[in-house]
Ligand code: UD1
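Before any questions on binding or motion, here is one chain by itself as structure tokens, the form predicted on its own.
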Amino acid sequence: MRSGPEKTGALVLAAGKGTRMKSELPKVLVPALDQPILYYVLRTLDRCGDIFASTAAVVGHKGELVQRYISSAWESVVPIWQHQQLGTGHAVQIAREWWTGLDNLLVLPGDVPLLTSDSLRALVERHVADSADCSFITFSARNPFGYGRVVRDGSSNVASIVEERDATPEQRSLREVNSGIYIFRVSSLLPHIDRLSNENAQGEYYLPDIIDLMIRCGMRVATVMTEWEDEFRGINTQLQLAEAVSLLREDIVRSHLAQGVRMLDPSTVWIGPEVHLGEGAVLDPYVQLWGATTVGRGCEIGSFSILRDMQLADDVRVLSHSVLSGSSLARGARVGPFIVIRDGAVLEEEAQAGKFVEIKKSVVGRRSKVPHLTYMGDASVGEGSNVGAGTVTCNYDGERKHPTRIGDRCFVGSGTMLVAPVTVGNDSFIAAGSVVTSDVPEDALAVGRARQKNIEGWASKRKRLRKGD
């Protein structure tokens, strides 16, 4: 879609190696919280709505990994290969076929996870309103070291951008710096994009050099100055990543607090950017919520619990030290403490699963209970059943997994081994300590254990034999 009569596209520079990150991953795929750094930049562009008609990302170092991520998570983004990483100007050059048909081209780095959509909207709107040939974002840096300084003439117009290594002592004292986020009128960019020179220590083509070319040709170069410096933090080291992640975490926590989520100690809670929390949810200290987790209204999550890709309906209670992933808990379910639920497990309304229980790829029916020390794998439990402590569904025969089916209103005694495949009919009982290898019919009692035999005097005899030794 177009914003007004002009067609604007966004080009994300995501080809860099990120040598100082010391990571096997390309820099833009290094996780920040539980999403790649690149996720945040693409999300910001997405939040701009219909301002951008299309988006492309330049990929290079280990580009197949970046392209795979883009294809899986951002299908509308066009990957463009930069097989030789020869600088930001070169990246724009090799993408020319994609952007030539646009009216305006936004160029931004792929490693600024704190960037906001408000700043991008302001830049685009100002650029179009001023009919500028180029506009870019500047800010006043507390410590401008490493940034390109914005040098202005006597009329406060941009005279040039001077990089740190080329700046004079007077220029280094300037605090207004270049953010590295530009928007060009395409008709103004085309005459200059091939005039870039790589006569520098790195042998690269730098995009800021186009600003100087445009100014010398009398073109209009405008700036939009913003106040929040942290928004433009680039990620080049693990320390910078940690600092950015801290700010991301604080922003996410604040947004959920504003929506009515209660946190007893917000400084210890970690929440991923794709997590959704309902009003009135309560998070105890040291809770972690990741992935596409949804927590309903009125839920309570106990301390030291870790949830990933979980779906919790309203009024679910998760007690402390619970590790839950890829599963769902229906309204009023209660789980934990010290429980593992994973791989597509489902607990239906008001079901309970307690301490030292693992539930994998199984369904626990409405108001059924799996209270203690139990493993449920590839199983289903009907409504109103109780599974006693120490029960194990023996689902693996060494080659294949097999299902266990427990019906409605069943009672499974403690220490039962259910050797799958096996079905327990409705209203059945299984005696404690049984090994069940055959189906149990409805309304039956199954006893699958050896008859007890008591040998009187055996203990004393054993002691006498030991003394004789």
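What you see is a predicted model, and the numbers here were worked out from it, not measured in a lab. Throughout, rigid core stands for the largest set of C-alpha atoms superposing within 1.5 Å between the two forms. All residue numbers are counted from 1 along the displayed sequence.
What comes next is about the form predicted together with the ligand, which is not displayed.
K.L.:
Here the chain is shown alone; which of Gln288, Ser160, Ser325, Gln82 has a heavy atom within 4.5 Å of the ligand in the predicted bound form?
P.N.:
Exactly one residue meets the criterion: Gln82.
K.L.:
Work out which of Ser179, Ser305, Ser362, Thr293 lies within 4.5 Å of the ligand in the predicted bound form, going by heavy atoms.
P.N.:
That would be Ser179.
K.L.:
Choose one stretch from 296-304, 144-152, 117-125, 334-342: the one whose residues place a heavy atom within 4.5 angstroms of the ligand in the predicted bound form.
P.N.:
Among the candidates, contact is made by 144-152.
K.L.:
If we define contact as a non-hydrogen atom of the residue within 4.5 angstroms of the partner, is Gly110 a contact of the ligand in the predicted bound form?
P.N.:
Gly110: contacts the ligand in the predicted bound form.
K.L.:
Is Gly16 near the ligand? Define near as a heavy atom within 4.5 Å, in the predicted bound form.
P.N.:
So Gly16 counts as contacting the ligand.
K.L.:
Even though the partner isn't displayed, in the predicted bound form is Leu86 close enough to the ligand, meaning a heavy atom within 4.5 Å?
P.N.:
Leu86: contacts the ligand in the predicted bound form.
K.L.:
Tyr206 versus the ligand, in the predicted bound form: is there a non-hydrogen atom within 4.5 Å?
P.N.:
Yes - in the predicted bound form, heavy atoms of Tyr206 and the ligand come within 4.5 Å of each other.
K.L.:
Do all of Arg20, Lys27 and Ala91 end up near the ligand in the predicted bound form, with near meaning a heavy atom within 4.5 Å?
P.N.:
Yes, each of Arg20, Lys27 and Ala91 comes within 4.5 Å of the ligand in the predicted bound form.
K.L.:
Does Met263 count as moved between this form and the one not shown, where moved means a C-alpha shift of 2 angstroms or more after fitting the rigid core?
P.N.:
Stays below the 2 Å threshold, so no.
K.L.:
For Glu164, decide whether the Cα shift between this form and the one not shown is 2 Å or greater, given a superposition on the rigid core.
P.N.:
Yes, the C-alpha position differs by at least 2 Å between this form and the one not shown.
K.L.:
If the two forms are fitted on the core, does Arg175 show a Cα displacement reaching 2 angstroms between this form and the one not shown?
P.N.:
Moves: yes, 2 Å or greater.
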